[in-house]
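Consider the single chain below, provided in structure tokens and representing the form predicted alone.
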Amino acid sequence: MSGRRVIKYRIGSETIRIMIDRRVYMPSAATLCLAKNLHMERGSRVLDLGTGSGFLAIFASKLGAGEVVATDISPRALKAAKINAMLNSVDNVDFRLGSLYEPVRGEAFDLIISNPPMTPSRNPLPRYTWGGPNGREVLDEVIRGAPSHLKSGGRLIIPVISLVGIGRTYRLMIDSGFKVRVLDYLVHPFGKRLIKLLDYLSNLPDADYVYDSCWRPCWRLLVFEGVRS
């Protein structure tokens, strides 16, 4: 950890310190928007899928979760997340290596949180950002798998960007047995990677984006909460 830079994030009354690692997914606008809308009863059992830097798992712990299980397919990400947990004096996060729900077979939670990779691209991108050709490969797996890992009345909180189809996501959550509401909304300009993909995105049937007053293309984001009946 010597020589590594640390970024401080302020969410409400909490401050989260995250070590910078360019090969690990760092908190994004979607991550921070989800965190701003995170709420739970004290003592809740929480699952963070694709934890990356560990930011959401750490924040859930600070909000009063009794236990947090955080999964990731990347050993490097889990190593960084464990360091970040120590930086934030968090000791109730169980970091597990594996893809999404694989490390939690047969287990149930009060709350599942995830900011899955949703960048659509025909060609592979870094795993922490690539959602497959239509951007939905990981997102759909998170939603479809959630009901079998939630207690009755348990919740799934997940951000969805308009590039992968907001309406399609809402319908999938309904079809998966969730009662759905929107917790938050934001508009965010494309980064360099998405600018390069603009022609490809324009031909995706579910992709949608808008232009701001500076004529920059922007994706829209909604934070969905689904309650399992």
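Numbers follow the displayed sequence, beginning with 1. Model, not experiment: these values are computed from the prediction.
A second form of this protein, the form predicted in complex with a small molecule, is not displayed here; the remarks below concern that form.
Selected contact from Val160, Leu49, Ala65, Ile58, since only one has a non-hydrogen atom within 4.5 angstroms of the small molecule in the model of the complex
It is Leu49 that has a heavy atom within 4.5 Å of the partner.
Contact assignment for the small molecule in the model of the complex, among Arg105, Arg127, Arg122, Lys151, heavy atom within 4.5 Å:
Going through each option in turn, the one that passes is Arg127.
Although the partner isn't part of this model, could you tell me whether Ile73 comes within 4.5 Å of the small molecule in the model of the complex, counting any heavy atom of the residue?
Judged by the heavy-atom cut-off of 4.5 Å, Ile73 is in contact with the small molecule in the model of the complex.
How about Leu100 - does it come within 4.5 Å of the small molecule in the model of the complex, if we only consider non-hydrogen atoms?
Residue-level check for Leu100: yes, a contact with the small molecule.
The small molecule contact at Val90 in the model of the complex, heavy atom, 4.5 Å
Heavy-atom contact with the small molecule at 4.5 Å: absent for Val90.
I'd like to check something about Pro117: if you look in the model of the complex, is any of its heavy atoms closer than or equal to 4.5 Å to a heavy atom of the small molecule?
Flag for Pro117 set to yes.
Determine which one of 65 to 73, 199 to 207, 161 to 169, 185 to 193 lies within 4.5 Å of the small molecule in the model of the complex, judging by heavy atom distances; exactly one does.
Heavy atoms within 4.5 Å of the small molecule in the model of the complex occur in 65 to 73.
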